[in-house]
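Quick heads-up: it's one chain on its own, the form predicted alone, in C-alpha coordinates.
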(Lines give C-alpha, C1' and ligand atoms only; values in the text may rest on other atoms or scores of the structure.)
Protein backbone atom coordinates (compact mmCIF):
# COMPACT_ATOMS: atom_id res chain seq x y z
CA UNK A 1 0.00 0.00 0.00
CA UNK A 2 1.33 3.41 -0.99
CA UNK A 3 0.11 6.30 1.16
CA UNK A 4 0.28 10.01 0.43
CA UNK A 5 -0.35 12.79 2.95
CA UNK A 6 -0.94 16.26 1.52
CA UNK A 7 -1.26 19.22 3.87
CA UNK A 8 -3.72 21.90 2.76
CA UNK A 9 -2.93 24.93 4.89
CA UNK A 10 -5.76 27.02 3.47
CA UNK A 11 -8.19 24.20 2.62
CA UNK A 12 -11.47 24.86 4.40
CA UNK A 13 -12.87 22.46 6.97
CA UNK A 14 -16.52 23.18 6.17
CA UNK A 15 -18.72 23.05 3.08
CA UNK A 16 -17.64 25.18 0.13
CA UNK A 17 -18.65 26.25 -3.36
CA UNK A 18 -17.50 24.10 -6.25
CA UNK A 19 -17.33 27.26 -8.34
CA UNK A 20 -14.40 28.79 -6.46
CA UNK A 21 -11.95 26.04 -5.54
CA UNK A 22 -8.79 28.21 -5.63
CA UNK A 23 -10.37 31.12 -3.71
CA UNK A 24 -13.10 30.68 -1.12
CA UNK A 25 -12.40 26.94 -0.77
CA UNK A 26 -8.79 27.64 0.21
CA UNK A 27 -6.76 26.25 -2.71
CA UNK A 28 -8.91 23.14 -2.78
CA UNK A 29 -7.81 22.83 -6.40
CA UNK A 30 -4.34 21.78 -5.23
CA UNK A 31 -5.72 18.94 -3.09
CA UNK A 32 -7.98 17.78 -5.91
CA UNK A 33 -5.09 17.65 -8.37
CA UNK A 34 -3.09 15.63 -5.84
CA UNK A 35 -5.94 13.14 -5.43
CA UNK A 36 -6.14 12.65 -9.19
CA UNK A 37 -2.37 12.37 -9.61
CA UNK A 38 -2.17 9.77 -6.85
CA UNK A 39 -5.10 7.60 -7.91
CA UNK A 40 -5.57 7.71 -11.67
CA UNK A 41 -4.08 5.62 -14.42
CA UNK A 42 -5.28 5.80 -18.00
CA UNK A 43 -8.74 4.15 -17.88
CA UNK A 44 -8.15 2.76 -14.40
CA UNK A 45 -7.34 3.54 -10.77
CA UNK A 46 -4.38 2.61 -8.64
CA UNK A 47 -5.98 0.19 -6.19
CA UNK A 48 -2.95 0.07 -3.87
CA UNK A 49 -2.97 3.80 -3.03
CA UNK A 50 -4.53 5.85 -0.24
CA UNK A 51 -4.55 9.64 -0.11
CA UNK A 52 -4.90 11.59 3.14
CA UNK A 53 -5.79 15.27 2.87
CA UNK A 54 -5.23 17.48 5.90
CA UNK A 55 -7.55 20.50 5.88
CA UNK A 56 -6.21 23.30 8.06
CA UNK A 57 -7.97 26.38 6.68
CA UNK A 58 -10.80 26.65 9.22
CA UNK A 59 -13.27 27.76 10.32
CA UNK A 60 -13.33 24.62 12.52
CA UNK A 61 -10.33 22.59 13.78
CA UNK A 62 -8.35 20.53 11.23
CA UNK A 63 -10.08 17.72 9.36
CA UNK A 64 -8.74 14.62 7.60
CA UNK A 65 -10.23 13.25 4.39
CA UNK A 66 -9.10 9.82 3.15
CA UNK A 67 -9.43 8.43 -0.41
CA UNK A 68 -8.92 4.67 -0.82
CA UNK A 69 -8.11 3.58 -4.36
CA UNK A 70 -9.40 0.06 -3.75
CA UNK A 71 -12.88 1.22 -2.82
CA UNK A 72 -13.51 4.72 -4.21
CA UNK A 73 -16.51 5.25 -6.47
CA UNK A 74 -17.94 8.18 -8.44
CA UNK A 75 -14.51 9.77 -8.95
CA UNK A 76 -13.67 11.17 -12.38
CA UNK A 77 -10.29 12.58 -13.43
CA UNK A 78 -11.16 16.24 -13.03
CA UNK A 79 -10.84 18.68 -10.13
CA UNK A 80 -14.56 19.29 -9.76
CA UNK A 81 -15.31 15.58 -9.33
CA UNK A 82 -12.78 15.18 -6.54
CA UNK A 83 -13.94 18.45 -4.97
CA UNK A 84 -17.55 17.27 -4.96
CA UNK A 85 -16.58 14.14 -3.02
CA UNK A 86 -14.49 16.17 -0.56
CA UNK A 87 -17.42 18.55 -0.11
CA UNK A 88 -19.75 15.65 0.74
CA UNK A 89 -17.22 14.36 3.26
CA UNK A 90 -16.94 17.73 5.00
CA UNK A 91 -20.72 17.99 5.23
CA UNK A 92 -20.88 14.88 7.43
CA UNK A 93 -21.25 14.98 11.19
CA UNK A 94 -17.50 14.64 11.66
CA UNK A 95 -16.27 12.68 14.67
CA UNK A 96 -12.90 11.67 16.13
CA UNK A 97 -13.05 8.39 14.20
CA UNK A 98 -13.24 7.62 10.49
CA UNK A 99 -16.73 7.92 9.01
CA UNK A 100 -17.42 6.92 5.41
CA UNK A 101 -19.14 9.65 3.40
CA UNK A 102 -19.23 7.91 0.01
CA UNK A 103 -17.66 4.59 -1.05
CA UNK A 104 -13.92 4.73 -0.48
CA UNK A 105 -13.92 8.18 1.11
CA UNK A 106 -13.87 8.79 4.84
CA UNK A 107 -13.48 11.80 7.12
CA UNK A 108 -12.60 12.53 10.73
CA UNK A 109 -11.25 15.21 13.01
CA UNK A 110 -7.48 15.16 13.25
CA UNK A 111 -4.13 16.67 12.42
CA UNK A 112 -0.72 15.69 11.06
CA UNK A 113 0.75 14.54 14.35
CA UNK A 114 -2.16 12.25 15.20
CA UNK A 115 -2.28 10.83 11.69
CA UNK A 116 1.42 9.94 11.62
CA UNK A 117 1.13 8.29 15.03
CA UNK A 118 -1.91 6.32 13.88
CA UNK A 119 -0.26 5.07 10.69
CA UNK A 120 3.06 4.04 12.21
CA UNK A 121 4.83 3.69 8.86
CA UNK A 122 8.22 4.59 7.44
CA UNK A 123 7.96 8.17 6.21
CA UNK A 124 9.43 9.62 3.04
CA UNK A 125 9.39 13.41 3.29
CA UNK A 126 9.53 15.25 -0.04
CA UNK A 127 11.82 18.27 0.17
CA UNK A 128 13.87 20.02 -2.48
CA UNK A 129 17.20 19.42 -0.71
CA UNK A 130 16.58 15.71 -0.20
CA UNK A 131 18.30 12.67 -1.67
CA UNK A 132 17.63 12.16 -5.37
CA UNK A 133 14.67 9.78 -5.68
CA UNK A 134 16.45 8.02 -8.55
CA UNK A 135 19.00 6.73 -6.10
CA UNK A 136 16.25 4.91 -4.21
CA UNK A 137 15.29 1.31 -4.79
CA UNK A 138 11.63 1.29 -3.84
CA UNK A 139 11.57 -2.47 -3.43
CA UNK A 140 13.27 -1.70 -0.10
CA UNK A 141 10.16 0.17 1.04
CA UNK A 142 7.14 -2.08 0.57
CA UNK A 143 4.76 0.21 2.40
CA UNK A 144 5.85 3.83 1.81
CA UNK A 145 4.20 6.90 3.31
CA UNK A 146 4.95 10.13 1.45
CA UNK A 147 4.43 13.53 3.10
CA UNK A 148 4.03 16.59 0.87
CA UNK A 149 3.12 20.19 1.47
CA UNK A 150 0.87 22.35 -0.67
CA UNK A 151 2.05 25.56 -2.35
CA UNK A 152 3.17 26.80 1.10
CA UNK A 153 5.35 23.79 1.89
CA UNK A 154 5.48 22.66 5.53
CA UNK A 155 5.57 25.04 8.47
CA UNK A 156 8.44 24.82 10.94
CA UNK A 157 6.22 23.05 13.44
CA UNK A 158 4.96 20.54 10.84
CA UNK A 159 8.51 19.79 9.76
CA UNK A 160 9.53 19.24 13.39
CA UNK A 161 6.69 16.72 13.76
CA UNK A 162 7.77 14.85 10.62
CA UNK A 163 11.47 14.90 11.52
CA UNK A 164 10.66 13.37 14.92
CA UNK A 165 9.83 10.18 12.97
CA UNK A 166 13.31 10.04 11.41
CA UNK A 167 12.03 10.12 7.82
CA UNK A 168 13.93 9.64 4.62
CA UNK A 169 14.18 13.07 3.00
CA UNK A 170 13.94 12.83 -0.77
CA UNK A 171 13.69 15.05 -3.82
CA UNK A 172 12.20 14.33 -7.24
CA UNK A 173 14.42 16.79 -9.08
CA UNK A 174 16.48 19.97 -9.04
CA UNK A 175 13.56 22.37 -9.56
CA UNK A 176 10.59 23.31 -7.38
CA UNK A 177 7.50 21.46 -8.63
CA UNK A 178 3.80 21.39 -7.81
CA UNK A 179 2.77 18.71 -5.32
CA UNK A 180 0.69 16.81 -7.89
CA UNK A 181 3.64 16.73 -10.29
CA UNK A 182 5.82 15.29 -7.52
CA UNK A 183 3.26 12.52 -6.98
CA UNK A 184 3.26 11.61 -10.68
CA UNK A 185 7.07 11.42 -10.67
CA UNK A 186 7.08 9.27 -7.53
CA UNK A 187 4.64 6.84 -9.10
CA UNK A 188 6.76 6.72 -12.24
CA UNK A 189 9.88 5.83 -10.25
CA UNK A 190 8.03 3.15 -8.30
CA UNK A 191 6.46 1.75 -11.48
CA UNK A 192 9.88 1.56 -13.12
CA UNK A 193 11.28 -0.32 -10.13
CA UNK A 194 8.37 -2.75 -9.98
CA UNK A 195 8.31 -3.54 -13.69
CA UNK A 196 12.06 -3.46 -14.29
CA UNK A 197 13.25 -6.92 -15.35
CA UNK A 198 16.79 -8.21 -14.78
CA UNK A 199 19.10 -8.07 -17.79
CA UNK A 200 20.12 -11.34 -19.38
CA UNK A 201 23.88 -11.36 -19.75
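Residue numbers count along the first chain shown, from 1. All of these numbers come straight from a predicted model, not from anything done at the bench.
The protein also exists as the form predicted together with a small molecule; that form is not presented, and the subsequent description refers to it.
Looking at residue 70, you'd find every heavy atom of it more than 4.5 angstroms from the small molecule in the predicted complex. For residue 58, no non-hydrogen atom is located within 4.5 Å of the small molecule in the predicted complex, even though that partner is not displayed.
Taking the partner from the other structure, the small molecule in the predicted complex has a heavy atom within 4.5 Å of a heavy atom of residue 149. At the 4.5 Å threshold, heavy atoms of residue 166 stay clear of the small molecule in the predicted complex, well away from it. Residues of just one listed stretch (107-115, 71-79, 122-130, 89-97) have heavy atoms within 4.5 Å of the small molecule in the predicted complex: 122-130.
Though the small molecule is absent from this view, in the predicted complex it lies within 4.5 Å of a heavy atom of just one residue from 172, 162, 39, 64, which is 172.
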